[in-house]
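Encoded as structure tokens, the following chain is the form predicted on its own, with no partner shown.
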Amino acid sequence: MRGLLALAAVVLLAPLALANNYHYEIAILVGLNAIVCVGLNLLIGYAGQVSLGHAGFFGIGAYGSAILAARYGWPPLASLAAATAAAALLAWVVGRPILRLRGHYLAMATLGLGIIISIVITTEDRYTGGPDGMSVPPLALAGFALSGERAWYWLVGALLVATVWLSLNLIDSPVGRALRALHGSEVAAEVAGIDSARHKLLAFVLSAAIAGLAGALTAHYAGFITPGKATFLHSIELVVMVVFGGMASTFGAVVGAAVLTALPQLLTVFKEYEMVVFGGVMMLTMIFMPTGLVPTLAMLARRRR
């Protein structure tokens, strides 16, 4: 509970340090990435199931909401809800056979799923605009179009706190304990009476729905969407954020997303050496903090006490 209150305090006080719209834009991108990573952490960090295709669900949410709102005239709020449900439904359909796999076989299967979604989005240019992308109507709440970085900041901040609250409650529930048992040993969990297939599918569907929601929000916030957000590279970026912050740590997922989203902006002062410095920071962090940023810092703090 203290961690959740601290996160809410950061969201409330952060505008005091945000000097212009560019700073607000970075904060919004941090929040959207953090929402996806919190959901992905439930799957990777707690259930122990690797997904290299989560950007596909992000793309389904983004393009699903964009197509329904722009092509078919749906109210943006309804199209957002429908796109989130579509991402969850696809995860439920494909998750039943895919989650029977383990290890690198599971990773390859989710990778293939993400590539298929990316190809469909790129080639179905009648609906998606193809490689050129498509415009997305603004999000409307209670009849008012949501515009401006400050309004979007508060919406994304509130959804981030709500997502973290949902994750923490799920982890502390019997379902969360079952997920942790699966991560430790799937065979031992089944011997203890845990339905591994059902719990893995639940984590997969929930993480996909959260990714779809974040994708739809990203599309309406940007006002324009391209297939780049549904590529394999974006999936890897999301996984790296979770691992960097610390697997099986909800706040680690938030911190990992915040650091790896904001750090490239801060490193622009190095110009052509920006990516070299960025890679060096990541390498040093994982060498000296192999369990991730937040779990390592928490362990050091306990030792000092």
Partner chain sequence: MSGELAQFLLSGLTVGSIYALVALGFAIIYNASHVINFAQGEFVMIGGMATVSLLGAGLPLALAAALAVALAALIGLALARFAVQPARGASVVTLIIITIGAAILLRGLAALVWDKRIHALPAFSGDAPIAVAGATLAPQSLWVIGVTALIVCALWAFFNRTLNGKAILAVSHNRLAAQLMGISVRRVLLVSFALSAALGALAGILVAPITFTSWDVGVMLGLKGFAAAILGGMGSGPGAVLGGLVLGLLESLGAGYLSSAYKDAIAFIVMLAVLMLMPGGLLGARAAERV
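By rigid core we mean the largest C-alpha set that fits within 1.5 Å across both forms. Owing to the predicted nature of the structure, the values given are computational and were not obtained by experimental measurement. Positions refer to the first chain, counted from 1.
Unshown form predicted in complex with its partner chain; subsequent notes refer to it.
Of the listed positions (131, 73, 223, 103), a single one reaches within 4.5 angstroms of its partner chain by any non-hydrogen atom in the predicted complex, namely 103. Between the options 141, 158, 78, 119, the residue in contact with its partner chain in the predicted complex by a heavy atom within 4.5 angstroms is 119. Only one segment in the set 62-70, 46-54, 254-262, 23-31 has residues whose heavy atoms sit within 4.5 Å of its partner chain in the predicted complex; it is 46-54. In the predicted complex, its partner chain sits beyond 4.5 Å of every heavy atom of residue 135.
Using a 4.5 Å cutoff between non-hydrogen atoms, residue 145 does not count as a contact of its partner chain in the predicted complex. When its partner chain is considered in the predicted complex, residue 107 lines it closely, a heavy atom lying within 4.5 Å. Taking the partner from elsewhere, residue 115 is found to have a heavy atom lying within 4.5 Å of its partner chain in the predicted complex. Contacts between stretch 171-194 and its partner chain, counted in the predicted complex as any heavy atom lying within 4.5 Å, involve 187 alone.
Relative to the superposed rigid core, the position of the CA of residue 17 differs between the shown form and the other one by less than 2 Å. With the core held fixed, residue 274 shows a CA shift of 2 Å or greater between the shown form and the other one.
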